[in-house]
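Here's a solo chain for you in structure tokens, the form predicted alone.
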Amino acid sequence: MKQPKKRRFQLNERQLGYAMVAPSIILIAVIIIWPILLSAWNSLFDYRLNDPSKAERITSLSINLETYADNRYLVYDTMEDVRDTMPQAESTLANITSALDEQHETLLKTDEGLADRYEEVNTMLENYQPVNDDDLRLTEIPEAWTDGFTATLDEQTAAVQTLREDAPEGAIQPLTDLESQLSNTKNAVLEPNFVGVNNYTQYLANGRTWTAMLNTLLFTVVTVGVELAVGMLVALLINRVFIGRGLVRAAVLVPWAIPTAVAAMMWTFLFDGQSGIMAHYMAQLGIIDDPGVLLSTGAGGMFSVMFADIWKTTPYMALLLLAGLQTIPRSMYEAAAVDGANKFQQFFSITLPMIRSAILVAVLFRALDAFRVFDLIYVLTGGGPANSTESISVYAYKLLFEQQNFGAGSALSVIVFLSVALLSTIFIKLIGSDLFSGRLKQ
């Protein structure tokens, strides 16, 4: 009797669907969701790379064994230099050694296994190896030891300062180095810098944040509105049949093809008050009073970044609208013309209703992109003059990379993300809720 064949493993329709979209979901999680979650975690700390005591995300009182061991070696090495140049300081140096040794022994007894970890870190430093393992490098310490350790370092620093008063010339530099190293050893102690939502409350109450947000909203509303109107005119033009239409369509897309940073640099020269062609002719035509106002005043700077963005991004809007126009059958216009409808009536009765979906998609994409504007403003005006053109993304960049304040900069980045998410949600709910309603009913 033949054994029945085993059925091969087979996914059902739903499982197959999940399997098909799984790579995209994983890619989105790695590229988009993980950086957002990391920014949200960083925003909960007073995290500053330009401050050694806050260059780590610390949730409890800790010591950096790498910094501690390195400075401890430098202190003892420099004391030998002081002994060679100032023998009469032996008594003070012996007191410093005794006090530091006492604190060191107390530290090693605060946690089981800490002595072995310290020796491992010290060995790695002697071999010029970086200590990248945070579990090895960082350890929690009791507050009582920290207070005694800091007080001891302050006392010994004061003792070295006293030695410098009567030191011979050759001993001044070693004593200065010793004083600095004793002071730097305190940087090994890391205070907790977890602040919760403090960064959010601080910067949401900051006037500069709201100024940047208002600049961003103004930029978004004006540029998207003008781009929609001009883009519609361009789309209607290049949708018509005429000789050279292909060449015109290609030429229209040239501004959009230019990288934003390159375009911004080009407009910087064109708007320059001394040699800019655009600034010169605008002044000649009476549009502005003086060529220098475009990049030296708040209103002029905002006009400049808006003008440059409209020039560059209108082709993108026109391209999306042209795609919608291509779906309208010519027979509808012919029937309307037979019924006596003029061009304006055809536009408002046929064109606009038929490309409503294309308009909604184009406006949504452009609004989200404009709200996150960074490179154009950063290259063209740098957010100036006096932060008058600074967008929320530019402000976040300055905090993150120029001031190296990762906590506050991450908080602003999360605020930008939430604002974009809220903007898209409101847009879809209030304007585009029936975007696919006709298809769903079918």
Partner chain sequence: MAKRAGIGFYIFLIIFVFLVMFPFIWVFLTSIKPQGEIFSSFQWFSSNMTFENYVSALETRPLLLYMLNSFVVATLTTIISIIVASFTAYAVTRLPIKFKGLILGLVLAASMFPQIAVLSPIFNFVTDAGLRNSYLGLVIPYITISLPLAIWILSTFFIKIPLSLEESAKLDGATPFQTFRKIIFPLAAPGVFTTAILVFIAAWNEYLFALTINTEDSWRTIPVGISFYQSQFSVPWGDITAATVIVTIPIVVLVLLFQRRIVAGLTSGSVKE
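Positions refer to the first chain, counted from 1. Think of the rigid core as the biggest set of C-alphas that the two forms share within 1.5 Å after superposition. Keep in mind that what you see is a predicted model, and the values were worked out from it rather than measured.
From this point on, the text means the form predicted in complex with its partner chain, which you will not see here.
**Student:** Within 4.5 Å, heavy atoms only: does Gly207 come near its partner chain in the predicted complex?
**Tutor:** Close contact is absent here: in the predicted complex, Gly207 is far from its partner chain, nothing within 4.5 Å, heavy atoms only.
**Student:** Find out whether any non-hydrogen atom of Leu285 is located within 4.5 angstroms of its partner chain in the predicted complex, and reply yes or no.
**Tutor:** Answer no; every heavy atom of Leu285 is more than 4.5 Å from its partner chain in the predicted complex.
**Student:** In the predicted complex, does Met20 have a heavy atom within 4.5 Å of its partner chain?
**Tutor:** Answer yes; at least one heavy atom of Met20 falls within 4.5 Å of its partner chain in the predicted complex.
**Student:** Looking in the predicted complex, any heavy atom of Asp51 within 4.5 Å of its partner chain?
**Tutor:** Outside the cut-off, so no.
**Student:** Can you tell me which of 171 to 179, 275 to 283, 213 to 221, 102 to 110 lies within 4.5 Å of its partner chain in the predicted complex, counting heavy atoms only?
**Tutor:** Answer to the contact question: 275 to 283.
**Student:** So which of Leu93, Leu320, Leu163, Ala188 reaches within 4.5 angstroms of its partner chain in the predicted complex, heavy atom to heavy atom?
**Tutor:** The residue from Leu93, Leu320, Leu163, Ala188 that makes the contact is Leu320.
**Student:** Considering Leu114, Ala261, Ala299, Leu136, which brings a non-hydrogen atom within 4.5 Å of its partner chain in the predicted complex?
**Tutor:** None of the other options qualify; the answer is Ala261.
**Student:** Can you tell me which residues in 351 to 371 come within 4.5 angstroms of its partner chain in the predicted complex, by heavy atoms?
**Tutor:** If the 4.5 Å heavy-atom criterion is applied to its partner chain in the predicted complex, 351 to 371 yields Ser357, Ala358, Val361, Leu364, Phe365, Leu368.
**Student:** Once the core is superposed between this form and the one not shown, does Leu49 show a C-alpha displacement of at least 2 Å?
**Tutor:** Comparing forms between this form and the one not shown, the Leu49 CA shifts below 2 Å.
**Student:** Any CA movement of 2 Å or more for Ile25 between this form and the one not shown, core superposed?
**Tutor:** Moves: yes, 2 Å or greater.
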